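Let's start with one chain on its own, the form predicted on its own, as structure tokens.
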Amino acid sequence: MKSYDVVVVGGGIIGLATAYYLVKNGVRKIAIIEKEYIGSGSTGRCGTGIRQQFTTKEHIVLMRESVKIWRLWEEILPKPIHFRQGGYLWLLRSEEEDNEYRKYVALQNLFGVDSRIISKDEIKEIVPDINLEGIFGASWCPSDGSAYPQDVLDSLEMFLKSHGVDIFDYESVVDFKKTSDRVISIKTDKDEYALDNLLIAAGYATKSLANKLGFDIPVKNYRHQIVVSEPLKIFLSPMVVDRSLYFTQTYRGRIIGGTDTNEEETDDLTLTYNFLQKFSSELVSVFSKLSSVRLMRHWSGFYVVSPDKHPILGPTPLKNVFIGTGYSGHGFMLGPIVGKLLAHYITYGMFFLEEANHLTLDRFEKGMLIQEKAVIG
């Protein structure tokens, strides 16, 4: 039986980013277990966006720090990840919304994020072809942006393999061996691995794995769908948000986006025509130039949603088991900073950002929830 200092369950950005920072912290015996291929879960199905325009100190601070890492990763990872800071343009459709977002922007500015409220004329300068009928103004952050998910994962995987991290893909967790307060080993459908520490960062499967270990995580899985177009000449830099609609253009020229169809909790990822109708209608209403563009691919993935729309990070009732889950659609953008935080906690027993201490599992038992209002898609 192989033995590891840390076993990570989950081959998405959280698992890989945590392993990356464990390596940086000097941990050498690391394994990642992924039941399909790297990025087969929510990371590989996300909408590429990276933003700091949130409504709580916790999200704003974590994303401010995450953007710093995104910039660094673009420079130092072994392959390009196509991180760009094209901005997020959040359209506002009433004076009431404008007043509300001015408060959010003030909070974002307080913690060092360069967002601001802009006029309709300024919106036109950023996206000349946008339809401004019914638009009051916008919240704009030029340092927000996007990255290409599979390129990020490929680059992290290349780094990890070059530093001796074992990655076991197409290998499913079957069971655990544990004492009253810790896990001793993890059993898969192919092997068994002894471990000192265990991180569960398995997206939608995190809750069921925690249940196997005897504790519960208050998250729910919701299907969210995304579509991409045929490639076009590059003309759109920012992510545009119009209530539940979001869309941007990738470096490959494709329009990518989604919208919220107000679905119930589900474990079903079946695609729906209703989504395509709603997305197409909303997209054309705000950007009529795209009315003749062909949609080429359509897929779905999970938002793993916590009761307060914030991630659940760090310790669990078992002394050597840690979790990272509940990102509520923001896992990709939070990935770099969450990976760094989790690696620090596993290595040193503490977070290096005070705000992360507000995001642990025990906040639900204590009734210390922090409600995030800016959730889209």
Partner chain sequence: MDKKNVIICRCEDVTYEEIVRAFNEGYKDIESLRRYLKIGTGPCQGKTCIPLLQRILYELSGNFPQNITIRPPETPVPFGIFVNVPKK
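Residue numbers count along the first chain shown, from 1. For clarity, every value in this text was computed on a predicted model and none was experimentally measured.
The protein also exists as the form predicted in complex with its partner chain; that form is not presented, and the subsequent description refers to it.
K.L.:
State yes or no: in the predicted complex, is some non-hydrogen atom of Ser281 no more than 4.5 angstroms from a non-hydrogen atom of its partner chain?
P.N.:
Yes.
K.L.:
Looking at the partner-bound form in the predicted complex, is Arg294 within 4.5 Å of its partner chain by any heavy atom?
P.N.:
Yes, contact at 4.5 Å.
K.L.:
Though only this chain appears here, would Ser229 touch its partner chain in the predicted complex if you measure heavy atom gaps against 4.5 Å?
P.N.:
So Ser229 counts as contacting its partner chain.
K.L.:
So in the predicted complex, does Ile38 come within 4.5 Å of its partner chain, heavy atom to heavy atom?
P.N.:
It does: once its partner chain is placed as it appears in the predicted complex, Ile38 has a heavy atom within 4.5 Å of it.
K.L.:
So if I measure heavy atom distances to its partner chain in the predicted complex, which of the stretches 127 to 135, 96 to 104, 184 to 192, 284 to 292 falls within 4.5 Å?
P.N.:
The contacting stretch is 284 to 292.
K.L.:
Please pick, from Lys220, Arg71, Arg116, His298, the one residue with any non-hydrogen atom lying within 4.5 angstroms of its partner chain in the predicted complex.
P.N.:
Checking each option against its partner chain in the predicted complex, the one that comes within 4.5 Å is His298.
K.L.:
So which of Phe215, Phe235, Tyr170, Phe111 gets a non-hydrogen atom within 4.5 Å of its partner chain in the predicted complex?
P.N.:
Result of the distance check: Tyr170.
K.L.:
Can you tell me which residues in 264 to 282 come within 4.5 angstroms of its partner chain in the predicted complex, by heavy atoms?
P.N.:
The stretch 264 to 282, when checked against its partner chain in the predicted complex, contributes Leu271, Tyr273, Asn274, Leu276, Gln277, Phe279, Ser280, Ser281 at the 4.5 Å heavy-atom cut-off.
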